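One chain comes next, on its own, written out as structure tokens in the form predicted on its own.
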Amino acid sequence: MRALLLDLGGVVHVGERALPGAAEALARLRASGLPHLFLTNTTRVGASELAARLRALGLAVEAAQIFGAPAAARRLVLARGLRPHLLVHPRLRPELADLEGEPADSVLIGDAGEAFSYAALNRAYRVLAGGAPLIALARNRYFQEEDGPSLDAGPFVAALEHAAGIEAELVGKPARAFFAAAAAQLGVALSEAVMIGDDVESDVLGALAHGLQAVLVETGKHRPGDSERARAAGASVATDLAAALAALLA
């Protein structure tokens, strides 16, 4: 192990609440000097706003440490010279608005929250029906909020795929390119990085499939049976972030 990749939602916080022991665990990680990034599929806000919200919760996370799907999508869109129609959350739109153009030649979709109306989905579908590609910031099925689980972008990505008869190109976890870019930024090989997350599919099984090591934490969206799936695939399991870091840094 030469570097750590850590999820944020469900690992260090849930909604507007820091998870118990997370602040102390992050302080221990910083003191260790081990290179690390926060690898997140959060697509309701950009890195700067997300970091500010986490600092307000007492979690010392800087925007430069956040390796998020929106930034990866920006790089992809610019590299390909695309003019995407944006189906994203209103709080994220200002960060990506300069990418839009008419006529749209692609659709970029994230977790749009309440903006997932019939009209918005139908407008995106009409762009796709004309032969445009669908780029998904993430396709997580749900995420954990303080009052319970909430739909993430995945179900809406699947709906557009089904309607248009196409397959979305994934930008965030568990896409190999996403993990690889994060590892490259830290200067390590995929096999030298450990992913810590609460999502057994995107974080753990996704990381293992691309040669990373992985630890599942039993917080956030963790559900009965997830730990068994993680262990069977070759991952470690920890009760929370503090326990995971204690074992890894030992």
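This one's a predicted model, so the numbers in the text were calculated from it and none came from an experiment. Residue numbers here begin at 1 and follow the sequence given.
The form predicted in complex with another copy of the chain is left out here; the points below concern that form.
**Prompt:** Contact between residue 179 and another copy of the chain in the predicted complex at 4.5 Å, heavy atoms?
**Reply:** Although another copy of the chain is absent here, residue 179 would stay clear of it in the predicted complex, with no heavy atoms inside 4.5 Å.
Check: Could you tell me if residue 96 has a non-hydrogen atom within 4.5 Å of another copy of the chain in the predicted complex?
Finding: Because no heavy atom of residue 96 falls inside 4.5 Å of another copy of the chain in the predicted complex, the answer is no.
**Prompt:** Is there any non-hydrogen atom of residue 133 lying within 4.5 Å of another copy of the chain in the predicted complex?
**Reply:** Contact check for residue 133: no, nothing within 4.5 Å of another copy of the chain in the predicted complex.
Exercise: residue 89 in contact with another copy of the chain in the predicted complex, heavy atom 4.5 Å: Because no heavy atom of residue 89 falls inside 4.5 Å of another copy of the chain in the predicted complex, the answer is no.
Notebook entry, point to check: Counting only non-hydrogen atoms, which stretch in 144-152, 170-178, 100-108, 71-79 is within 4.5 Å of another copy of the chain in the predicted complex?
Noted result: Contact criterion met by 144-152 only.
Triple contact flag 29, 38 and 64 to another copy of the chain in the predicted complex, non-hydrogen atom at 4.5 angstroms: No.
Any residue of 105-126 that, in the predicted complex, places a heavy atom within 4.5 Å of another copy of the chain
Stretch hits, in order: 113, 114, 116, 117, 118, 119, 121, 122, 125, 126.
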